[in-house]
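Next comes just one chain, in structure tokens: the form predicted alone.
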């Protein structure tokens, strides 16, 4: 099975804890050992936000801030790469989808970060999954799935156990129109639209425990939201 895993920077490196990165590396290696062709996309997390905040205060424009964010995601990707068996993973961080696909075709685990400005690693993960015809896409985030309201604001918010990609697009678009993007769906609109058009099944789960990713992929055992293709 070909699987793409999106690991949010806030769950991989909420702080620079080598032990936590090593835990995620163990999960990646276990999935590869089980026969999964694996692409991993790493977000920027708190480190990216700190750099972007500092650069903004120094007068950097939005394009420069985007590039700074991309650089940070690639730095986090290199950190995870350092923890992986060098015989297992591609030794470099791809900067585009073609490079990533070439490495996957050589049966190497691929670890990458951002690609272009104005595109989150959510979208990169979805685009990579589509580009390599992945069987499954897993989003390891800091929240346990997709909710009908912001669970941080509404104690009665309920999690969707399952929803179609079209329903996800509608939910995210509605949130963005209200100026609260990402509050209840930890996937941005571009990523949701790519998932919808690609027809790839996706899972959104709480990646605070690295082992949850392994259980989801290997045993289909997870607490989160399953996103299924729309039926014609």
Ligand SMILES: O=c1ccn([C@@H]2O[C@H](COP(=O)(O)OP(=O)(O)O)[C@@H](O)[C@H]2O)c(=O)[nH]1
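Everything quoted here is computed from the prediction, not taken from an experiment. Residue numbers count along the first chain shown, from 1.
Keep in mind that the form predicted together with the named molecule is not shown, yet the notes after this line are about it.
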property: Pocket open vs blocked [the named molecule transferred in the predicted bound form by site C-alpha superposition; 2.4 Å, backbone or C-beta, 3 atoms]; result: blocked
property: Residue stretch of 115-123, 86-94, 101-109, 130-138 approaching the named molecule in the predicted bound form, non-hydrogen atom distance within 4.5 Å; result: 115-123
property: 29, 66, 206, 37 - the one with a heavy atom within 4.5 Å of the named molecule in the predicted bound form; result: 66
property: Non-hydrogen atom contact residue 52 with the named molecule in the predicted bound form at 4.5 angstroms; result: yes
property: Residue 70 within 4.5 Å of the named molecule in the predicted bound form, heavy atoms; result: yes
property: Close approach of residue 214 to the named molecule in the predicted bound form, 4.5 Å, heavy atom; result: no
property: In the predicted bound form, residue 48 touching the named molecule (heavy atom, 4.5 Å); result: yes
property: Interface residues of 1-25 toward the named molecule, as seen in the predicted bound form [heavy atoms, 4.5 Å]; result: 8, 9, 10
